[in-house]
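Shown next as structure tokens: one chain only, the form predicted alone.
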């Protein structure tokens, strides 16, 4: 039963990140997950000092607040200061990450906020933290958190799909139609922040980043339909969860590491097939002589 909960939890992360990662890939902001994973540090430290506890809820609240702050900074630097997206991301997350380091070094030298922190979640521990209804277990806590998040994300994307697509592919046209560009940018970034933060505790920051960027990038190689890209990305993410888990069991290694490795192998395999087909088509083109 443990393998079911581990795979299902990872699949929920894959579902959420595939949907949002597809938008980020097209906006050339795939590394926003990496930015959030570093930028949440000051929120975690402040939440610890306020609550004097490493309990999940206050830590997640602090991380979520920091995630929203970094997305706001990225949007500010990108839209107001007119920096490129990669520069905006780099400046924003390093600034907040540095603040977190300063807070720990100045006020928390005796505080252990590393491996038990949500930044370094271990998916193998998911089946241990159960929720009980009376005397009956109804499943891991992290599963229900991610399941609730999936409902929120899917509903949010369905409601705003048309405007999210327009602001992603053609901001000028969207603005001409009277669409509030800034609102929908924050709408997407808030969803990304929520998904990234709630996934930390179960799968860890590295696997979240891999899920956000890998499956959508792989899907992009094989389709030019955005809706199909989302569906393919979900399929690649879920299949990586399954294959990664059983690879880790076979090798007796890290589950998150194996899942991330499978995501990389999926991209390499699809890329190789696409390139091979392109070369075959070029060779099949007849050459006319003079």
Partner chain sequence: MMNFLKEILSFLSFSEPNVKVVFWGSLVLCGISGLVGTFTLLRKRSLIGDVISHSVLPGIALAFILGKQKNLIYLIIGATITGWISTYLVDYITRNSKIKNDTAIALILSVFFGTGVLLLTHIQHSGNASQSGLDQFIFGRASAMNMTDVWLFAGAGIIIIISTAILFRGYTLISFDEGYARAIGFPVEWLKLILSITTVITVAMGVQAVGVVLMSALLITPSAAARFWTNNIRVLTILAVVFSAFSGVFGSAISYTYQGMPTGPWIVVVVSLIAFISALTGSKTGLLKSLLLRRSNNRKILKENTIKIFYPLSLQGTPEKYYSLEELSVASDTPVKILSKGLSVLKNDHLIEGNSSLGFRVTAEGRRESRAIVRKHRLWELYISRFMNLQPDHVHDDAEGIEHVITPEIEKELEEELNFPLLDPHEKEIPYDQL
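Since this is a predicted model, take the numbers as computed values, not measurements. Residue numbers count along the first chain shown, from 1. Throughout, rigid core stands for the largest set of C-alpha atoms superposing within 1.5 Å between the two forms.
The form predicted together with its partner chain is left out here; the points below concern that form.
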(message) Just to confirm the contact call: exactly one of 216-224, 191-199, 128-136, 145-153 touches its partner chain in the predicted complex at a 4.5 Å heavy atom cutoff, so which is it?
(response) 216-224
(request) Examine residue 257 and determine whether its closest non-hydrogen atom to its partner chain in the predicted complex is within 4.5 angstroms. (result) yes
(request) May I ask you to check whether residue 210 falls inside a 4.5 Å heavy atom distance of its partner chain in the predicted complex? (result) yes
(message) At 4.5 Å between heavy atoms, is residue 19 in contact with its partner chain in the predicted complex?
(response) no
(request) May I ask you to state whether residue 31 is within 4.5 Å of its partner chain in the predicted complex, using heavy atom distances? (result) yes
(request) Select from 84-102 the residues with a non-hydrogen atom within 4.5 Å of its partner chain in the predicted complex and write them out in sequence order. (result) 84, 86, 87, 90, 91, 93, 94, 95, 97, 98, 99, 101, 102
(message) Given a superposition on the rigid core, I'd like a yes or no on whether residue 76 shifts its C-alpha by 2 Å or more between this form and the one not shown.
(response) yes
(message) Is the shift of residue 170 between this form and the one not shown large enough to count as movement, that is, does its C-alpha move by 2 Å or more after the core is superposed?
(response) no
(request) Check residue 84 against residue 153 at the C-alpha atoms and report closer or farther in the predicted complex, compared with the shown form; the change is 3 Å or more. (result) farther
